[in-house]
Every structure is written in C-alpha cells, then in structure tokens.
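The form predicted on its own is given below as one chain in structure tokens.
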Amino acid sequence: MPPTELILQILVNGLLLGGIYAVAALGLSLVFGIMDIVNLAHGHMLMIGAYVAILLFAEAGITPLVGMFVAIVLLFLLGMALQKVLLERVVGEGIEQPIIVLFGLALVLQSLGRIVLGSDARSTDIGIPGQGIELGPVLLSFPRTVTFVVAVVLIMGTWAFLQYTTTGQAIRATSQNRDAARYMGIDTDRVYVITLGIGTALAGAAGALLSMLFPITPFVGWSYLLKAFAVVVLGGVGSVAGTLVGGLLLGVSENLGTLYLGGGIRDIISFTIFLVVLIVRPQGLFGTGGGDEE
C-alpha cells in the first residue's frame, strides 16, 4: 500500500492535469454539440498547438504561456479556414463524409509533423524557478499549478462568451435548432465557422499547456483525442460544467491507475472510462441529451 502522502500527491497532480484535459475536451464538445460532427483531427490540432509553443520557446526564447496565445490565434484561423474550405461542403450531408475528411486530415497532419519536425519528443519550460508551493504533505508544482489556473480561466472565458455575447447566444440557438435559428435571422454558416475556430483554438491552447508538462511528438494526436472523447462522454456533450468535472475525474483516474498498475496504462484507463460511461450512462454525468449549452 503506497503511503498516504504519495496518494494525496497523486490525487492533486491528477486534478491539476484534469484542467488541461477539460480544455481539450471542451473544444471537441462544442464542435460535436453544435455542428453534429466528430472532429477526428482534434487531437492533431492539439499537437499543432503544442509545437507552436515548443518552436517559439526553442527558437525565440518565448515563454510557452505567450506561445499559447499565439497558438490560440493560429488554430482559430486554421479552424475557420478548415470549415470554409473543406467541411462546409460536407456538413449536413450525413455523418460519414465529415468523418472521412477529418480522419484524412488527421493522417496528413501527423505525417507532415513527422516529416517537418521529426519524431523526437520535445517540450517547453515554464521558466519559474523553484519546485512549487508546499501545502502540508502536498507539493503544488509551479508548471502544473499555472497550467491548471490558465485552463480554468479558458473554460470560464468560453462559458462567459457563450452566455453573454451575441455571437455566443447565436451559437447556443443554433445548437438547439438550426432551422429555427435561420428563421430568426441567424447566419448559421457563420456560426459553424466561428464554432470550429473556437474548438480548434481550445485544442491548440490545451496542446501548448501540455507541452509544459509532457514531451510532445507528432504521434500524440490519437492519444489525446481519446482522452478528450472520454471527458466529453463522462461529462456529457454540450455541458461546460460537465466537461470540467469530467476532465478532473479523468486526470485523477489516470494518475491513480498509474500509481497502482503502472504508467503504461494511461490510454487504457481513458478507453475503459469511455466504454463504461457509454454503457451505463450514455448522456454523461451532466448531459441531458438535448445538446444545450450550460
């Protein structure tokens, strides 16, 4: 039996990591809940965001926190371009076509990443001296604490945007009923463009944050896509609060699992949670099945 101090440290580390998982999953949940497409390239958008932060840090010495904002802007523009150039032609034409397009895009991004950036794992350094803040028997490491706080701010900012801005309200209206939104004068095509931009921007932000904690390679996209799926299923599609709770639960579950069973089972834990929740409560812990944003 591991000592209590170690278990507490693992729990805290899992909670702090879960915040980043929630950011990644929120982008996937938004796109699925509003556009009704499964973005299979979401994990590879995360990979691009991570490499933006890594390259800015390695080549120009720019802190990854600033690199994260650059990644957000670039991925937002990439998401909007993706919707205008590719997905606009296939969204609404059935579930298969967007999946095929996005699966192909994921493979292309992974191959380009391997060719251009190589297969070696790379990471960034947040640059804060010292190990962290001691809180009783628990150490809150600076990288995990800072990335968690930034992740929560991003989630709350996205929630506030959806709740209190005209564009956010148009996005929510479109998620509830696209045809009714059109009758009310909402440009649903523009809503889709903005939604995919926000979804990919959140993936890019999550990637930049993860680059401060873990090594990144061009092959991490599928793994983080699976984690994002697990969080969305756990929290419920369309629920911002559920996504945050789902991310925290997944982070804790992964860390406890690696403590007792070894570090090679992280993805197995994510996939197991994904399957169990689908079977037991397919609408998730907070989902209502209606696709409404909270």
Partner chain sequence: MIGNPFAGSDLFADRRRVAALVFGVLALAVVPFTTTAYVTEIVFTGLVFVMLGVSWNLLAGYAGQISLGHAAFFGIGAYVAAWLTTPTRAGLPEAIQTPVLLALVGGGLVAALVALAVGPIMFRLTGHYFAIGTLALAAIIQLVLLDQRQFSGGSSGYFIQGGIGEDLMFLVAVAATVGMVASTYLIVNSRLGLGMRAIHGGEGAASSLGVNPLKYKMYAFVISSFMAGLTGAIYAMFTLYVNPESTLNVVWMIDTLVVVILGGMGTMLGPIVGAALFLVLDNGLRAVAGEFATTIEGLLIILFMIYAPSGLYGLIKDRYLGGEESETAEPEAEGA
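Keep in mind that this is a model prediction, so the values were computed, not measured. Numbering follows the first chain given and starts at 1.
The discussion below concerns the form predicted together with its partner chain, not included here.
Not one of Leu74, Asp125 and Phe214 comes within 4.5 Å of its partner chain in the predicted bound form, counting any heavy atom. Using a 4.5 Å cutoff between non-hydrogen atoms, Ala170 does not count as a contact of its partner chain in the predicted bound form. When its partner chain is considered in the predicted bound form, Ile186 lies well away from it, no heavy atom lying within 4.5 Å. Among heavy atoms of Gly104, some come within 4.5 Å of its partner chain in the predicted bound form.
Its partner chain is not drawn, but in the predicted bound form it has a heavy atom within 4.5 Å of Ile265.
This chain appears without its partner; in the predicted bound form, the one residue of Val38, Leu55, Leu256, Ala241 with a heavy atom within 4.5 Å of its partner chain is Val38. Between its partner chain and the residues Leu139, Val152, Ala81, Leu112, the one pair within 4.5 Å by heavy atoms in the predicted bound form involves Leu112. Only one of 202-210, 172-180, 94-102, 144-152 places residue heavy atoms within 4.5 angstroms of its partner chain in the predicted bound form, namely 94-102.
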